[in-house]
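Form predicted alone, single chain, as C-alpha cells, below.
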C-alpha cells in the first residue's frame, strides 16, 4: 500500500483529539499510523478509517520507549514509503493539589508528556533527514503550557516543556527543511475530561459531576467548550503546504482563554 503524500504517525490516536487528527489526515490523502499504547482501541480506529476509504494501520507504541517509536516509524515507511508527518499527541494528566503533588506524580506526567515528545521529535527528525524529506513535526501542547493551574502543576510544566521542545527542535531541524510546530487546545470535550472530572471529585476539588468542566469553561470568550473537530483544522493547516514558512510556533485553539 503506497501513498503519494506519504505517511503520518499520530500518537495517542485511538480516541479523542488524536483519532480526529488521524481521520482528517487520512481524508486528506495521507497514509496514517494509529500509534497508541492501547493496541485494541488503536486497531479499531484504524479499521474505521479503512472502512471509510482511507489508508491506516495501527501500531502499539509507548512514547517513552524509544524502540517502539522507531518501530512505528519503520512501519510507516514500509507501508507508505516515507514518514512525512509526526504528530506527538499522546499525553495524560493526573491532578493533585499543588502542596501535595508527589515526586511520582511529577515523574509520571513529565515522562510521557515531556520525554515522550522529545523522543518522538528526535526519531522523526532522524528519519526525515535520512530520507531527505521536508516533513512536519507537530505536537500537542495546551493552554496549560501558557498558564498555571494549582491542581495541574506537573501537567502545566509538561506542556510548557512541549512548547520549549518545539522551539529547540525547530531551530535544529530548519536547515533540513523540516518544520516543527505545536498547537494548544483549551477545554476539549473528550474522555480525558471524564477522567479529570472523576479525579477532581475524588480529591475534593469539586463536588458534583461536570462541575470541573463547567468552572474551567466559564471564562471562555467564545462561550462554549471545544470538541476535537474544533482542533483538527489547525493540524490540517500545519501539515499542509500553506504552513511551509512557519516553524517554532504554538497556535492556541482555546476559544480565547489565553490571548498572546
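Source: prediction; values computed, not measured. Residue numbers count along the first chain shown, from 1.
Only in words, not in the display: the form predicted together with a small molecule, which the text now covers.
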| query | finding |
| --- | --- |
| Interface membership of residue 38, the small molecule in the model of the complex, 4.5 Å heavy atom rule | yes |
| Partner contact for residue 127 in the model of the complex: the small molecule, 4.5 angstroms, heavy atom | no |
| The small molecule contact in the model of the complex: residue 62, any heavy atom under 4.5 Å | yes |
| Residue 155 within 4.5 Å of the small molecule in the model of the complex, heavy atoms | yes |
| In the model of the complex, segment of 137-145, 163-171, 119-127, 78-86 with a heavy atom within 4.5 Å of the small molecule | 137-145 |
| Contact check for 17, 187 and 192 against the small molecule in the model of the complex, heavy atom at 4.5 Å | yes |
